[in-house]
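Taking the form predicted on its own, here's one chain by itself in structure tokens.
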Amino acid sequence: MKISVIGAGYVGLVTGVCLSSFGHRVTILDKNNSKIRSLTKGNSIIFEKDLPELLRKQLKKKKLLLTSSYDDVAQNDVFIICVDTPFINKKPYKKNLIDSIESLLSVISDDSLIIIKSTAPIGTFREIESLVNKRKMKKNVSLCVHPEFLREGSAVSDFLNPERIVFGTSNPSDIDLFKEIYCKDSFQEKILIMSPESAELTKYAANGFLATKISFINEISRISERCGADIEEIKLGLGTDSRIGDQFLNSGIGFGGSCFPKDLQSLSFKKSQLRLPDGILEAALDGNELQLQNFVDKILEFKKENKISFENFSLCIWGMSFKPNTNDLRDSQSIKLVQKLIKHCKKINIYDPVCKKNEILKQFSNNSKLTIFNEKYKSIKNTVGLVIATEWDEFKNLDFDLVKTKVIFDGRNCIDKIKCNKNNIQYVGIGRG
């Protein structure tokens, strides 16, 4: 099957590379020429486990092509839309999605299936369906919704070993073609057929639920701090309940990234359009902001209690990506943390295992108070405290002989509290009394 993937971001690149490994001839299209040139050379533009190797393998097998021209995909059978749909000016931004559909409709030369994989606002399917119908195409162009459930850091594994494959369609004749895309026998029983509206909402509902679960445990952590309980013990007590499960119960400074915040905001926006009152979703967003501020307040309280002047207050912050095992800085709580702290500090040293110096500094308009380090223990030198903002594995087993600081502010509860105390380092975590 000849498949085109429109958009070479996290979702598009992983989707295109993985589908080509199924034996399909896949063309990935992106308007960014420099991105396409880099990918053509086998250089992955994102940090994602197993992706660079699979990309180079499929390029070598000539099952994967890359282009920035819509003319190069006109003859294909299936078009999978994976462009970004950000939340801008307090509402979903659909222009990139609509533009990609318009560009496709102008070049499609045969009967085809357009699959919306981008996380599009609820109601987008019908809007685009109307757009297609107005064009009065000479060829039969069918439209469906196929939301993605990829986790950054394990996206390739998630694609190759999915828990479910959601397909939303109004046209039953598209089902067989869709099953040909996911041609492996092991995939067939995981395909869930539903209406386009249900498919759109399923994606938002999944992310909304997980984000709410994080905000819930973070709220419990704030209660835990006030009553002398330990959130890590509470997490164990909750997570062993099969009705709850142990995932997304790690308390910390809150959720970020390109999905959870945006998807909750989009759901809330749709609710307002439907004239539904605020509820759990809005509370989850508010709780996420409160959790970060609560952590900032802990750091500033330490500064006040120890009577540290502005001139003598410097911090080292480890981890800038919104989660470990990715270089994605979008809507990162770590970035927001630095933005809140920077006015209270003489200087801030930063270390991240994979995020590039220029990408980090760009988030802060190259503020002169910030210094980016390539070696984590050197970044701690001459600072008052170490702040853990992202829970990379390499942060969890510290060499305390090299950690020369008065205090560790553990924003992800990933450092051994007992070892800190044994090494005369004050430990300040989340929800740990």
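A quick note: this is a predicted structure, and the numbers were derived from the prediction, not measured. All residue numbers are counted from 1 along the displayed sequence.
Although not depicted, the form predicted in complex with a small molecule is the subject of the following passage.
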Answer range among 88-96, 342-350, 317-325, 105-113 for contact with the small molecule, defined in the predicted complex as heavy atoms within 4.5 Å: 317-325
Site test, 150, 255 and 263 vs the small molecule in the predicted complex, non-hydrogen atom cutoff 4.5 Å: yes
Candidate from 122, 281, 166, 214 lying within 4.5 Å of the small molecule in the predicted complex - any heavy atom: 214
Contact residue in the predicted complex, chosen from 363, 268, 250, 224 - any heavy atom within 4.5 Å of the small molecule: 250
Residue 259 within 4.5 Å of the small molecule in the predicted complex, heavy atoms: yes
Residue 24: touches the small molecule in the predicted complex, heavy atom cutoff 4.5 angstroms: no
In the predicted complex, residue 160 touching the small molecule (heavy atom, 4.5 Å): no
Residue 336, heavy atom within 4.5 angstroms of the small molecule in the predicted complex: no
